[in-house]
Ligand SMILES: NC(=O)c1ccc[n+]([C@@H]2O[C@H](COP(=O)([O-])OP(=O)(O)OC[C@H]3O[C@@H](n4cnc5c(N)ncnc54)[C@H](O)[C@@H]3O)[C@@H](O)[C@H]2O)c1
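This document opens with one chain alone, in structure tokens, the form predicted on its own.
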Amino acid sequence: MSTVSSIRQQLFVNGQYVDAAGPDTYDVISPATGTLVGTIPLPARADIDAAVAAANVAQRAWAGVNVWKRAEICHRVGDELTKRVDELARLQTLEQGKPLAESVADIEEAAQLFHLHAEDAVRLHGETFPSNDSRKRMWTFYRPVGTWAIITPWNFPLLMLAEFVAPGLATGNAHVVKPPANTPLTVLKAMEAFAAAGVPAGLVNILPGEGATGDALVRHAGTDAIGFIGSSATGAKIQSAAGLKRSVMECSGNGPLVVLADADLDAAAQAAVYGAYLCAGQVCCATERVIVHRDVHDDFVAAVLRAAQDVVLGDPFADTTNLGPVNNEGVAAKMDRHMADARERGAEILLGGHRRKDAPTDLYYEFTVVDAVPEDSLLSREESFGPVVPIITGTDDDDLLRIANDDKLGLQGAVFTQNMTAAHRFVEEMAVGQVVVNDSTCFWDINMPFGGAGGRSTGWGRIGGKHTLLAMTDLRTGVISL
């Protein structure tokens, strides 16, 4: 396993590590080892008020800083995070459980986001418009929204913070971030990089906590906007509490991977397996449902079982491991429920289906493949968020599309086909925010706009590239008479 020096076990408010005003604490237990990693203070109302007040003061000054200077500091943050990749990655794996190689990639991408948004911000231009009054001139420009309450998930602790804070800093906003109480340590440690980069005090505040902390931030009169990544159930509660505050909501996904009759079956199988073991399946765009044409069903299942042989469940610090434990008992228990329901409904468990009994903790879930999954089963109807490939069979392309769209969690989907007409049809008609052709549902690029489809329970707004930059700014219009 691994150790990390000087683990931060305080809040981060107004540029400093501070003790909490109240007595409540939370023990961070490693899902990989079962050992205590650290004990963090939980913020009291006084801490929340202090962080929001500091953010408001800092934001007013930061909004007046030249965009080139803001970009320079964002570049510095990226550089400082890059210097700390190894230490931050080891800490993330210790508290989150994902394989070390995945944690390294997460931290590296978080650093890249600060460089990306630094460059995007200096090129965020408005437009000029003609008027029907010859003495009028009209133009647009962008201004920061203000202080953002950012609520991040436990599956990508630092990366999801960067998805909001990088574009937010670049465009003149301030942030009060609530990471989950069970994975706060990587984020707290990363604030050393922010301080070294010269980020002004108050622009980024870290208050690890549970639901009550998030609710207080969402409702706080001093927060102007909400950034959220997490479950649809929590997202609905947040939006109800937020009222008319600006929000960017990236919520649950139950995205389908559709395999047409002419698909490259080996490639489709590898994509399905990868989408199920990445971060132990704890990804909003994981392989949650695989919908296969009946004519290629048997060959596809055989290809999945071959690809699954490359999945190695074990110590996340070992070089050979590509599947670590799930993060918490809630996820493991949900997998247990989904597997029990699948068995009861007659599905075929072809591989796995249980927790590993000889592991260091009870959170190591076997890589699982389930065939003949009924459409009304929990594996089909709910986001499992675990390392499972559920296989559903359809009769023809229309049936495959029907099954794919018969779900309200349409975040990201994929389709495998060699026919470009069919590919375009599924891209345009699949009710998800993004459709990936001939690759995993977990395909991601930092420039792509990522988010749910309209009318679905997957949120709104876009995470990724310039689109988050636009979401975190107000478009203003100027009109002048000559």
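Each residue number is its position in the shown sequence, starting from 1. The structure displayed is predicted, hence computed values, not measured ones.
Missing here is the form predicted together with the named molecule; even so, the following discussion is about that form.
Q: With heavy atoms only and a cut-off of 4.5 Å, decide whether His75 touches the named molecule in the model of the complex.
A: No, His75 stays farther than 4.5 Å from the named molecule in the model of the complex.
Q: Since only the chain is shown here, I'm wondering whether Asp106 would be in contact with the named molecule in the model of the complex (any heavy atom pair within 4.5 Å).
A: Contact with the named molecule, no.
Q: Just checking whether Leu81 would be counted as a contact of the named molecule in the model of the complex - the rule being heavy atoms within 4.5 angstroms.
A: Close contact is absent here: in the model of the complex, Leu81 is far from the named molecule, nothing within 4.5 Å, heavy atoms only.
Q: Does Ile151 reach the named molecule in the model of the complex if we count a contact as any heavy atom within 4.5 Å?
A: Yes, contact at 4.5 Å.
Q: Answer yes or no: in the model of the complex, does the named molecule come within 4.5 Å of a heavy atom in every one of Pro180, Asp215 and Gly230?
A: Yes, the whole trio is in contact, each within 4.5 Å by some heavy atom.
Q: Among 234-242, 347-355, 95-103, 364-372, mark the stretch whose residues have heavy atoms within 4.5 Å of the named molecule in the model of the complex.
A: Single hit among the candidates: 234-242.
Q: Of Pro256, Pro157, Gly324, Gly209, which residue is found within 4.5 angstroms of the named molecule in the model of the complex when only non-hydrogen atoms are counted?
A: Flagged contact: Gly209.
Q: Can you pick the one in Glu383, Asp315, Asp407, Asp120 that has a heavy atom within 4.5 Å of the named molecule in the model of the complex?
A: Here the answer is residue option Glu383.
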